[in-house]
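To begin, one chain is listed below as structure tokens, in the form predicted on its own.
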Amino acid sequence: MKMNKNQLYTVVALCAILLFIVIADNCFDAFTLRVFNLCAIYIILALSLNLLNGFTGLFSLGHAGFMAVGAYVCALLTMPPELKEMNYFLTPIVPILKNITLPFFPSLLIAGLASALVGLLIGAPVLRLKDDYLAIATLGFSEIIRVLITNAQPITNGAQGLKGLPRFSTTYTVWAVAGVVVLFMVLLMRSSYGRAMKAVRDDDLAAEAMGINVFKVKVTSFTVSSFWAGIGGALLGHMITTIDPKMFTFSLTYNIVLIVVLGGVGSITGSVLAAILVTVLMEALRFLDEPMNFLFIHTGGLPGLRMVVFSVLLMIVVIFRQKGIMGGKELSWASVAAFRERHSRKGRPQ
């Protein structure tokens, strides 16, 4: 079958992306490669939240809790017995988990399913709420999950966390999963179920009148979003090789919300672009937290100044560009051609 021009462009672009990933894995230094891989994880997390906020119209703030579930489940399933013994020196681990060691990818899938199950159990009662009440309820459940993890010491090792996790989140692994999530989102939004989600977002009463089971759509969206959040949390834990309850506070959810808003609520392309932009800027602006001696500016170190900058950035976007970078649009070869045509017309003499 002969490919058309757009399909050929897509194949060339995918090959270029794959080539860049190979070059990055072999040429980037350790710090740059870590930031590069973190971009892929934030793409997964941003798309999982955008599935709720952007495509189904559910304002949730509980993503950090689902990430914690995925991270701990995957860690407990992949850690060898001797490593578990080293971590659980205060309180012994429960016997059923002591000798369990599974390969990474089955553990990653189980971690996602565990997060999805928690999302289903939480979503069933909570999704009858709307707007701010839903956001507050999901935020509360996220904190409950974190507190439970902190106090379930025989299972999670409590506040000490888990250290020395195998570094399974390689460059190829995280970017392959990110690619799968992007493809999943594209296919989902083109399906009848994706259109049902958008109908619920636009007007749930009209959607229900058209025969759509609104509650079922919301619960399914919440469960699938939780699944991908758990996958992202597991990948994050196995990239930094340590997890503890303090990692999964509201500030982590805030970072993901920031990416979704900056990229455009309801845009897959926007989430991808904003995830890369925010992740790179978060590391590039790290100097703001450290002592500065620049012309007339002298500081002794202002921890948290980075987040002040990002908060100001979010306020600017909300005030002046509420639709974000992409709005609700997607990047396509047709839109690129239309953009080039508009600019070529502007450059022509009248």
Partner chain sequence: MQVPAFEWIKNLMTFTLFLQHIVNALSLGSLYALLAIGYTMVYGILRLINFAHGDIFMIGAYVAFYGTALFVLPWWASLLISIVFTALFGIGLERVAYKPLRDSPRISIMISAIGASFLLENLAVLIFGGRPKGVEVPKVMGQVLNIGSVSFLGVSLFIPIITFGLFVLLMWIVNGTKTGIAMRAVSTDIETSRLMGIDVNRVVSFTFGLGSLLAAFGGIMWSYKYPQLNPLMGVMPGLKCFIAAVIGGIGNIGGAVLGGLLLGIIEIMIVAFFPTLSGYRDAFAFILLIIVLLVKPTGLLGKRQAEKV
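Every value quoted in this text rests on a predicted model; they were computed, and no experiment measured them. Positions refer to the first chain, counted from 1.
The protein also exists as the form predicted in complex with its partner chain; that form is not presented, and the subsequent description refers to it.
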With heavy atoms only and a cut-off of 4.5 Å, decide whether L83 touches its partner chain in the predicted complex. no
In the predicted complex, is there a heavy atom of its partner chain that lies within 4.5 Å of any heavy atom of V312, even though the partner is absent here? yes
Consider G179 of the chain shown here, and say whether it contacts its partner chain in the predicted complex, taking contact as heavy atoms within 4.5 Å. no
I'd like to check something about D202: if you look in the predicted complex, is any of its heavy atoms closer than or equal to 4.5 Å to a heavy atom of its partner chain? no
Of the options L117, L188, L97, I136, which one has a non-hydrogen atom that comes within 4.5 Å of its partner chain in the predicted complex? I136
Only one of L38, L61, M282, I325 has a non-hydrogen atom within 4.5 angstroms of its partner chain in the predicted complex; which is it? L61
Does its partner chain, in the predicted complex, lie within 4.5 angstroms of each residue among I144, S251 and Y254, using heavy atoms as the measure? yes
Region of this chain that lies against its partner chain in the predicted complex, out of 102 to 110, 146 to 154, 221 to 229, 191 to 199 [heavy atom, 4.5 Å]: 146 to 154
